[in-house]
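Single chain ahead, written as structure tokens, the form predicted alone.
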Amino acid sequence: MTGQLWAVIIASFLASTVEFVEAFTIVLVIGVTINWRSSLAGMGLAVVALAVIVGIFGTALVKFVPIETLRLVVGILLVLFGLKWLKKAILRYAGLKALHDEEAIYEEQVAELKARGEHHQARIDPFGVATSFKSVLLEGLEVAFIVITFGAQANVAGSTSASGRGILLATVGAAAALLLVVGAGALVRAPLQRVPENMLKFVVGIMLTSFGTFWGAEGIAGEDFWWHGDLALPLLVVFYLVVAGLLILWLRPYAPKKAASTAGQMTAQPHGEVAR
């Protein structure tokens, strides 16, 4: 496989890990508060729905959309999607936005369910199934978007031997992330607050923005636009890392003192205000 195809798998894995950690928090809340049958049933239905979405729309993109148009559209979407994540990460590390804390979110949502009068029961609960399904589906739609866009672009950018495998390879990355999160969650049965989610979102934001810039430029100017082809990708990553770092340093003096004191701890996730 080419380096670009390996990058597709890694990017899909990292981005999916972030989304699945957030979805797992809701699945855990339903499992603990109502019952695991309802929680896992909703999660299973959502996974099936997402597989259908990827299969239908991914195939349609590859078969019916011209290569140049696909590169341009995918590039623009990835840049917008990546900048959304990157903006939040920059604000968090600058101290202008609270760091994401899955344990605090877990505790808040358990309290909300108890306030609604929800309690543990043996039978499958429609509310529990629907809540778990909705959470996994909404978070999973972002995973589906990443799998489809990365996979479709890899299909047209890869070698002849790898042609048609882009969607499959991106799906492998997402599936590995799902197995990792579900496996870790099943072992600890607690919010995965130790996962460096804030750092992951920062890294994924950089990767999505870099890939989007790379493919978008190819869609406008052709495959020969970048100097030495795929070697431009690491340079774009470094460029966006430098820009993001400079923005964090520039914004940090404007942060409240309490937030600024924790902003330098890149992998820490303090309790307190819940960031979404």
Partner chain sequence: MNRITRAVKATYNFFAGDMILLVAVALAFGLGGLLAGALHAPALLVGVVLIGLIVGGLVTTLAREVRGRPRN
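Source: prediction; values computed, not measured. Numbering follows the first chain given and starts at 1.
Separately, the form predicted together with its partner chain exists; it is not shown, and the next lines address it.
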With heavy atoms only and a cut-off of 4.5 Å, decide whether G31 touches its partner chain in the predicted bound form. no
L86 within 4.5 Å of its partner chain in the predicted bound form, heavy atoms: yes
Examine F145 and determine whether its closest non-hydrogen atom to its partner chain in the predicted bound form is within 4.5 angstroms. no
Report whether the minimum heavy atom distance between G212 and its partner chain in the predicted bound form is within 4.5 Å. yes
Counting only heavy atoms and a 4.5 Å cutoff, which of 235-243, 37-45, 23-31, 50-58 contacts its partner chain in the predicted bound form? 235-243
When you measure heavy atoms, are I76, L80 and P256 every one within 4.5 angstroms of its partner chain in the predicted bound form? yes
Which one, V204, A152, I90, V181, lies within 4.5 Å of its partner chain in the predicted bound form by heavy atoms? I90
Give me the residue from I124, A130, L141, A176 that has a heavy atom within 4.5 Å of its partner chain in the predicted bound form. A130
